[in-house]
Each structure stands twice: as structure tokens, then as C-alpha cells.
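Only one chain comes next, encoded as C-alpha cells, the form predicted on its own.
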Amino acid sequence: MGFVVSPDALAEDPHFYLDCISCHQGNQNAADKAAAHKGMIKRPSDQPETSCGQCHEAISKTYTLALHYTAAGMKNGVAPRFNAAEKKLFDQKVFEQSCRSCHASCGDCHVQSPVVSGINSGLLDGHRFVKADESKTCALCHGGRVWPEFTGDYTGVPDVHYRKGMTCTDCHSGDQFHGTSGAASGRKDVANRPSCTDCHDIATMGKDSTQETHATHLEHVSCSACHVTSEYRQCSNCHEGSGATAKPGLVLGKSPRNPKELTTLRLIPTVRDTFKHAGVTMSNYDSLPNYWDAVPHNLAKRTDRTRDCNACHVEGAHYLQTSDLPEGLSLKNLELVP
């Protein structure tokens, strides 16, 4: 027992006021391993309301509605491409078999590292319950883009907030992770998601010319469009699809959620035959674009666009061009070209 749970942990961590079977079940009175492990639950927090919810009732109830647990954003994000019959096929043969495997239980963040492609790095701290350890929890699931951008692994220069000592939880609150009383259909529907203006009052910050610039661009240009420092990784760098490959780049275009706003876009690699193996042909494929608004996590006060207005207003630097659109993707992409 000491190999997994140290005597210090037993004495210090209040979770060990309970015994093992309180969460994992099994038979603590059995004399041999097989009998003791009969009925044991390996990952009790997969069902938060009957495990962690014994003590954390309010959190467990809302967490079953949170996006980290439901993975609903993956399903709802692509659903408009399907007709009714295709939605049923997708839910059964793709979402439940693949997408749902990425959902995180309480223990994936607070006890052991998350399972990614069937592999994890084990317990975070000898089975102690850890409140937050972004480098082992957030980074493992969000390590394809967000964490390496934030820490500077891709660019060599970390995000300005990271250089100031900030981590994920300084912007993303526990309420956002744990969910609220309503089920969110996607990340953009999360009411308390972080915003730059939570900390930065753009009406008063900086010198007069800065305030004027912010006022002029307000509601027309996103913060990231000006303050992203360099090229960033596209989704298709990891999730490749025929006709949707990409290389790191800075792409500015109209937001698909708000055509009046210029923002940073990422290429989503859902090609027309992505789900063909499951019998889903995506009869409404052209109802959604392949480029979606996303905030890269590598920001700075000064960039080539904040230093020189000509970068955007004369050169049109980094603007999405019709010639850049990968062949065969959604016709909806044309609407995002500035």
C-alpha cells in the first residue's frame, strides 16, 4: 500500500479519512487479491455523482454538464453538417466510440494525468489529491497547440502572461472547469469564459493614441488579431485530412460567428469524407466553414500589427486569401475572406 499511498499522504490528505472502498469499492475483508478486487471500480470519478459527489455534491452535479466531461462541443460543432439520419450514425459510431474517449473525469485532473490515446503518465503525486498542476493535466490534453504556444515551446518566446508568472487557472476559473447549472453546447456558450477586458480596461489603458486605436477597432477587430505574436499551429497540423493539411501560420479573416469582426482563424480539418467509414456522408457539408475563430495563447503588447498600421491597412498582411483556401473544402470558407 505504501508504494501507491505514502504514510505522509495518509496523514496529510483529508481524502484519506475515507478508506479505499469508499471510492473504489471491492472487498476489504478478503484475504487474497482476486477476491479483494472483485467488484472494484478502477476509475470511480467517471461517475462523479456516486464518487466525488459524496462530499463535493454541488461540484459533481454541475461537472456532469461541463464540456470537459460531456465533450459536447465536439458533437455540436460538427452536427450542422449532418441530416437527421447522419446525426444518429455519428453519435453511435463516431462520437461515443472516439470523441467521448477524450472526456475528463475528476480524477484525471486531481489524481492522475489524463489518458491520451490510451496512455497516461500515472499518478500526479503519489495518489495525493492535487488542486491544480497545469503542466501535467492541462498540458497533456491541450499540448498540441495551447500549452506549447503559451510556454513558448513553438516560438521560443512565451506568452506575455506566462512570463508574468500566470498559469491556466489565472484566466480559466474553477467554475468554468466544473460547469454551471446549465449544460453548455460548446465553448462559446460558456457564460463565464475569460475575456481580455476582464483585466484590461481598454478605454483607459495606455496613452491617448492607444486609447484612440482601441476605440476605433472595438467591435471590428478582436484583441488576438493585433496581439498574437507570431505564427501559430493550425488544428490540421495534428489532425490531418486529405485536402486539409496546413503549416503553422497567422491567419486573419472574418469571424464565422460575427462577420463584422476581423479575428484569428484556425483551419478545422473536417473534409467531406472524414466520417465516410461510419456511413456519414455529411449531406450538409457546405453549411459550415472549415476556418473558425480561435484565440492563440501567445500574446504580446507589441507585434508587427500594433507597431505599424500599414501591416493591415496597406499590405493586408496575414489576411486569408481565396487562393489560400484548400481545394475541395466548404464553400462557406469564401465568406470569411476579408
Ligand code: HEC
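Quantities reported herein were computed from a predicted structural model and do not represent experimental measurements. We number the residues from 1 along the sequence you see.
Unshown form predicted in complex with heme C; subsequent notes refer to it.
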* Wondering, does residue 305 line up within 4.5 Å of heme C in the model of the complex on heavy atoms? -> yes
* Asked: Looking at the partner-bound form in the model of the complex, is residue 54 within 4.5 Å of heme C by any heavy atom?
  -> yes
* With a 4.5 Å heavy atom cut-off, would you call residue 195 a contact of heme C in the model of the complex? -> yes
* Report yes if any heavy atom of residue 18 sits within 4.5 Å of a heavy atom of heme C in the model of the complex; otherwise report no. => yes
* Listed residue that, although heme C is not shown, lies within 4.5 Å of it in the model of the complex (heavy atoms), from 235, 226, 78, 250 -> 226
* in the model of the complex, do 89, 272 and 278 all put a heavy atom within 4.5 Å of heme C? -> no
* Heavy atom within 4.5 Å of heme C in the model of the complex - qualifying residues of 167 to 201 -> 167, 168, 169, 170, 171, 172, 173, 174, 176, 177, 178, 187, 188, 190, 193, 194, 195, 196, 197, 199, 200
